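Take a look at this single chain in structure tokens; it is the form predicted alone.
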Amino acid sequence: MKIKQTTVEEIAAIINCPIIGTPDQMVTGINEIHQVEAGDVVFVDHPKYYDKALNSAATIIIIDKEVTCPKRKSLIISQAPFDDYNKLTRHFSPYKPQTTVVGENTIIDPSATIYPNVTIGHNCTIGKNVTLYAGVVIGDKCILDKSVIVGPNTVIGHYAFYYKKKDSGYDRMHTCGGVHLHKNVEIGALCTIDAGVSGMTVIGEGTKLDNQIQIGHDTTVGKHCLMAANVGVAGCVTIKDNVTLWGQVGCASDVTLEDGVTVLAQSGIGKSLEAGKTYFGSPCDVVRVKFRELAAIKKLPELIEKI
């Protein structure tokens, strides 16, 4: 999420935390670790991820331990980085209820076809020849490029499924991102594409999604991909171009599917997949390997009888 340019000192004052580094260093955005750029604030609250945050593109790190500050960066020392990060995102992008069918600062091209019972949030852009079928909900900060089609009762830009477990229960991270559907994308009926936590969930040009598909927050889907019904993709996944996921494929978070990957129906993806190969099974593997495993398993009863 981009913000009006400010300083580390001003950011730290909002959450009442001390600084290690340069107080007048400039801040231009707030993002979680998967979306950070130079000038961004990021948070980290677990030793497992200290190095990832400190070595990321982020310029300012909210952290719960005093450590050596990397060159050209600043640290904000916080007892509760998750909570303070939420304070910042709520400060710069507060929740704004919507009482009208179309939110504020939303632009809809006159050529768009909007069916009855469609709701469009604040700060959205609906491009030329977009079609939104009945019951569609478009959340805040969503961009739909030329000739996008969204099927009935689909939700684009619901808040991110991102929680921190506490003694009191689960605390949700405030969502201030959106969804970008590039041109000629088609989304089927009853799909859900979650907004990025503070950046954008992206569906690339020409990609087609069947009915009842879930795409998690901050996932990026490339160009000309194809997904059959009941596919579920977790947050922070990178799916490159020309990838095909057949029915009921499930994909874990923080993995990459390289160009031209095909995953057969009802498979489970738990790790990154190499380009141009076909995969099957749960956990999935290259299809010829998995089929050999299945053939071997079929022989087990006969082998057991011989023992």
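All values derive from a computational prediction rather than experimental measurement. Each residue number is its position in the shown sequence, starting from 1.
The next section is about a form of this same protein that is not shown, the form predicted together with another copy of the chain.
- The stretch that touches another copy of the chain in the predicted bound form, counting heavy atoms within 4.5 Å, is 277-285, out of 66-74, 277-285, 53-61, 31-39.
- Checked against another copy of the chain in the predicted bound form, the candidates Ile213, Met200, Cys124, Val237 yield a single residue with a heavy atom inside 4.5 Å, and that residue is Ile213.
- Using a 4.5 angstroms limit between non-hydrogen atoms, Val221 is distant from another copy of the chain in the predicted bound form.
- Contact annotation for Val155: at least one heavy atom lies within 4.5 Å of another copy of the chain in the predicted bound form.
- The closest non-hydrogen atom of Cys142 lies beyond 4.5 Å of another copy of the chain in the predicted bound form.
- Among residues of the shown chain, Glu9 is not one whose heavy atoms approach another copy of the chain to within 4.5 Å in the predicted bound form.
- The partner is not shown here, but in the predicted bound form the stretch 119-153 reaches within 4.5 angstroms of another copy of the chain through a heavy atom at Thr119, Thr131, Tyr133, Ala134, Gly135, Val137, Ile149, Gly151, Pro152, Asn153.
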